[in-house]
Structure formats: structure tokens, C-alpha cells
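Just one chain is shown here, as C-alpha cells, and it is the form predicted on its own.
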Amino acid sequence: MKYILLIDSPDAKGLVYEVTKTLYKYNLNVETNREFVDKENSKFFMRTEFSGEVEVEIDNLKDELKKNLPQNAHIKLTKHRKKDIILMVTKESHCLGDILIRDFGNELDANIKAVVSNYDVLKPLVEKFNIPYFCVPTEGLSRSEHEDRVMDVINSFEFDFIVLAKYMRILSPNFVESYEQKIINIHHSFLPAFIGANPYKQAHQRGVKIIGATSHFVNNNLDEGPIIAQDIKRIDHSFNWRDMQKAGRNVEKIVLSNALKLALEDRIFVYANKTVIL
């Protein structure tokens, strides 16, 4: 059995030794280990993959790790498993299609439980992959009524992450707080530049020479959640905003898939509205 151990704590001498010593005591084999120290804030992060048989003693292992680490240390110990995700979309297909194809090719270490949308435009695409599709229209509903119906659909499943694969509606504080650090978004600009709507038009007006995409966890500050992954593409003066949009779509789908992979592999620590990726 393979396990993933995530630790963040105040920094101190000998932390790696204390962790590996404890794992050795339980006859567990460390397969990979990475750590990082934020020296400015004296903060320690560590991600360890290990294998062995410890299920019956897992609570004892966690207790012993906690005893050997500084106070206020956070410990997350989980079995390696395929995670469950829900995709939310509006009308654009490029990010959704990329994830569906990766899943079809067994490149995505996840189970796609459902796709939820406020339109039925992408239903034929999703049905080709035999994945449940739920359309929750907005017509005649207030924002809160619509979100309540969306949440009813989402909450009918067990899941680890909600992926906004170009879901083009701003989520309310109530929605965001209900799924804290579980909502992954793709934004079509290199944040923090050009937040909000129509970033390609904003970028064109500014005469930028690079465009980019940013995947981040959603919080209640628009497009200001902890950044997981980013990438760019170089452009020049000949690009109008629609050319930028076409070029940007390739960047968007790759950045979102990269960010999702990091989340599925338990490689992300969220700290002070930033992320540490191990």
C-alpha cells in the first residue's frame, strides 16, 4: 500500500530525521521525499511518499509524528488513490475536451463524476465519454437560487475537487466557502494582470508581448486565489485580440491540466494565499 504524507510546521532542526525515523520504526519504506523551508517565515514543508502495511496502526503513526514535530504542525496522511472530480463548464470546449481526452487515454489519475453547466451546448461532447451531464439553466432564477440548484447537483456526489473548466460565472461567497480550497479555476491571463472579464481585449489595448494563463484555487477575491500553475506564449503587434484568444486557449488547457495533476497528486500546500508545490 502506498501513502502520501504532507507536513507543514514551524521550522526546526532535525525535522526530516524525526519523520523518517518514525516511518522506519513502523517498517515503512520511503520512496520519494521533498522538502522546502520558507526562511523568511521559518516555515517547513515536506511531502513524502512511502509504502508498507500500516493501516491498522495509522492513528498511532500520526500521533507519534505529531509528538515528534513542533507544536502547530499540520499533518495530512492519506492512502494513494484516484481522486473524484466534478467539472463545471459554460460554452467553451477546449479545457473540457482536453480533460476528457486525458481521462479517456488513462492520463488523468481521477474519476470524473459529472459535468455541470448552465447551458446544454457541451452535452453532446460529454455524452460521447459516457459521463453524466447536468444542465442547470439560469433563466428565471436569482443568482442564489441558481447556485442552490447547482450545489444540490454537486452535493449528490462525493468528490475531492471542483474544476472550473471555463465556467464563466462569478461564484458567490456562500458557494466558495462551502468548498474551501476545493475549487480549481483557469483564468485566461497571466495573473495578477488583467483580472475579470475580457482579459485578451485588455491585453491587446495594453500592447503586451506575452499572453498567458493562470490556474488557481478560488477564493472570495476575484481571480486572486492562491496560484497553482501558470504559463505564457510570446506574441507581437500583429495579433488582434481574437488572435490572442485563439493562441491563449492552447495555453489555458495545458495550464489547467498541469494544475489539476498537481492537485490530484497531493503536491500543493496553500500558505498565506500562495502555494508551495512539492
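Counting begins at 1, following the sequence as shown. The structure displayed is predicted, hence computed values, not measured ones.
Unshown form predicted in complex with another copy of the chain; subsequent notes refer to it.
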(request) Counting non-hydrogen atoms within 4.5 angstroms of another copy of the chain in the predicted complex, say which of Val208, Ile183, Ala110, Ile86 makes the cut. (result) Val208
(message) Residues Lys79, Asp148 and Glu177 are flagged as a possible site; in the predicted complex, is every one of them within 4.5 Å of another copy of the chain by some non-hydrogen atom?
(response) no
(request) Decide whether Lys67 counts as a contact residue for another copy of the chain in the predicted complex under a heavy atom distance cut-off of 4.5 Å. (result) no
(request) Answer for Ile254 alone: is it within 4.5 Å of another copy of the chain in the predicted complex, judged on heavy atom distances? (result) yes
(message) Taking another copy of the chain as it sits in the predicted complex, is His94 near enough to touch it, meaning that at least one heavy atom pair lies within 4.5 angstroms?
(response) yes
(request) Would you check, heavy atoms only and a 4.5 Å threshold, whether Ile162 touches another copy of the chain in the predicted complex? (result) no
(request) Considering another copy of the chain in the predicted complex, find the one stretch among 140-148, 168-176, 70-78, 117-125 with heavy atoms no farther than 4.5 Å from it. (result) 117-125
(message) If you apply a 4.5 angstroms heavy atom cut-off, which residues in 245-278 are near another copy of the chain in the predicted complex?
(response) Arg249, Asn250, Lys253, Ile254, Asn258, Asn273, Lys274, Thr275, Val276, Ile277, Leu278
